[in-house]
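Okay, so here's just one chain, in structure tokens, the form predicted on its own.
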Amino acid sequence: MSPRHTNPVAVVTGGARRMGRQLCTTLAARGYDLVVLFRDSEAEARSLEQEIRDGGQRARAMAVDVAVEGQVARVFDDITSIEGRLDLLVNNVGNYNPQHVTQLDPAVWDATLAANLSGAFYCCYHALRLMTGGGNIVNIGMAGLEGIRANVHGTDYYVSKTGLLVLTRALAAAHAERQIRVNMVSPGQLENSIDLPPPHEIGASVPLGRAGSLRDVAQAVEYLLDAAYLTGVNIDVSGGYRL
């Protein structure tokens, strides 16, 4: 199939708000055309779509619940028909539930793993068939995955992101011969984190003494896109958090 777009095409899940929005605008500035996937944030997705178009790149937003494999399949079928190519997938969805593990409801557990882990797998599964000339997958994790330890708050989130790291490395090894690189970027305490300590206390847990910015994380993603000999790598963007 000959590509319908000459520009590289990127898909970003959870792309309408916060980190996803930052990643979309960063990628658009690098010359990517964007497919912005969102679940509920339609107003934000439409405004981002227009913002990217105003900057001279193509963009379109599509509603999907990545936890539902059939919906993901339909989205990537549509991308096959419209864009005809895929160069980059960013799995940015990260539903976070800070409940203590003793209070964690099975339905919440199921929903977190479905969105954060199964959803990422579904997107990878369908994206990989479109990456016929090489490509990149970047999964967004969480800081501290390299040293697994007890985490009684947000355990479902922690488990989902640990699984995503395992998936990242497995896919990196499996698809290297196709020149598809699969890596992970793992943020720590960010300026918009819901459990961020006050500024005068953050130095106790973050050695660099400040919260990370969305731009800090986007820079790490850009680095991975440029670093052509890296695959299966996880980069903590955390200012030393959880060292």
Ligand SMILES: NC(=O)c1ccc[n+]([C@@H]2O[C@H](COP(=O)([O-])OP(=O)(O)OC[C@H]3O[C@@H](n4cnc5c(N)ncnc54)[C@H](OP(=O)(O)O)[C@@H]3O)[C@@H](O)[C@H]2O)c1
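Numbering starts at 1 and follows the sequence shown. Here the structure is a predicted model, which is why all the values come from computation and not from measurement.
Keep in mind that the form predicted in complex with the ligand is not shown, yet the notes after this line are about it.
- Not one of Thr6, Leu88 and Thr132 is positioned with any heavy atom within 4.5 Å of the ligand in the model of the complex.
- The ligand is not shown here, and in the model of the complex it never comes within 4.5 Å of any heavy atom of Gln50.
- Contact between Tyr32 and the ligand in the model of the complex is not found at the 4.5 Å heavy atom cutoff.
- At the 4.5 Å threshold, heavy atoms of Ile137 stay clear of the ligand in the model of the complex, well away from it.
- Put simply, Asn192 is close to the ligand in the model of the complex: some heavy atom of it is within 4.5 Å.
- Comment: 138-146 is the region of 99-107, 138-146, 79-87, 124-132 lying near the ligand in the model of the complex, near meaning a non-hydrogen atom within 4.5 Å.
- Interface residue among Asn151, Ser118, Asn95, Thr162 relative to the ligand in the model of the complex, by the heavy atom within 4.5 Å criterion: Asn95.
- Distance criterion of 4.5 Å from any heavy atom to the ligand in the model of the complex singles out Ala67 from the list Ala218, Ala59, Val206, Ala67.
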